[in-house]
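Presented below, as structure tokens, is a lone chain in the form predicted on its own.
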């Protein structure tokens, strides 16, 4: 009987201790506070000073942003007059797409990432095949699975529908009436390619300049897509100024501790800075049977280096290409670690941008966190051997991983997810910017 009473007393004491611990505010070390400070969104003025606007002198021009907004929502920038940028980057979905693979002219190869905070990145697309936001905006326009348009078609659209706005920003524009209706050097359509080849170099240059300016206008609009401070940012501000804060509950704060822990959550290794991304490329081992070996950063950097619209392009308004194109000039372009390496996405508004990963293969955050807990490549030796006759890649190039198992308990995964949900906030723009203008 005495043993039973003692057990009851012990269990009661443990229960009260657990309850007491749950109510106590968490303590934060100086290192943790410094890390939390590094994740906060700065004030708007400071943020804008960090926008990466390589080759685009109109990135902060309001008129260019308004033209970019019109273009962003205009279905006429597509082959079938039914696809716009907003088709795959929906404002109500954090400027991402709720489908695993977006559907434009046809089904795309990858999931559409969020555009929030895109202007603070030096590389674009999951594989980094564009080195500026304006160059990124051009890719989907001529991609046969996305807009499926061609640059002459788009130049003529600008010269008719948007001529006054365009000329106010960029100067005079030709009507291009002396040219065929459709032409581009990048198409499987032989008629479009032949039409381009028949054009004079002067006409090709004029069309390319208008095409580039379309991208720069779109970039001026997208540069404004910045989230406002989230509950996390408000918690961080109060913690750093007052020493404590209850804006986040205990579970969310425990998730934050895990997130910034180099030993436990390890998220901070890749998801750092105010937009929770290092903008680098990592191999996570996510299998995508539609993509050939060598996809990812290895392919992307090759495309970027050879792009006619990169930093060193004549259509880039970079003033000093020897100092402003260093990101492109010194980018790593070979190595096993680039095979199947994809860009680390922002975690801002992550609760709004499901599904996740470059192929949209995870429906929710629980699946993502469970994957990182195991951190096992989805590729096998069989996958490698089946490609060996058509690829020079080594077995190591597929089995290389940049992540390691976290081995977190179920409760810790719940805490991490709770913290990630605190990163959601409205876009720091008037609602009139978030829809098709009248």
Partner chain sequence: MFLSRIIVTTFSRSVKNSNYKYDIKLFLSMLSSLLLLTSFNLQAKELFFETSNDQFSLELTAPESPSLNKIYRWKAVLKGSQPLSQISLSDITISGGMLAHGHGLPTQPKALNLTHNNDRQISFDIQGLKFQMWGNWHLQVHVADTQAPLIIEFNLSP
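Quantities reported herein were computed from a predicted structural model and do not represent experimental measurements. Residue numbers count along the first chain shown, from 1.
The protein also exists as the form predicted in complex with the partner chain; that form is not presented, and the subsequent description refers to it.
Contact check at 4.5 Å (heavy atoms) against the partner chain in the predicted bound form: all three of 34, 282 and 330 pass. Among heavy atoms of residue 400, some come within 4.5 Å of the partner chain in the predicted bound form. A residue is said to contact a partner when one of its heavy atoms sits within 4.5 Å of a partner heavy atom; residue 231 fails this definition for the partner chain in the predicted bound form, lying far away. Proximity of residue 269 to the partner chain in the predicted bound form falls within the 4.5 Å heavy atom cutoff. At a distance threshold of 4.5 angstroms between non-hydrogen atoms, residue 262 is in contact with the partner chain in the predicted bound form. Among 238, 361, 165, 278, the residue placing a heavy atom within 4.5 Å of the partner chain in the predicted bound form is 278. For the candidate set 122, 144, 98, 185, a heavy atom within 4.5 Å of the partner chain in the predicted bound form is found for exactly one residue, namely 122. Residues with any non-hydrogen atom within 4.5 angstroms of the partner chain in the predicted bound form fall in just one of 307-315, 332-340, 241-249, 351-359: 332-340.
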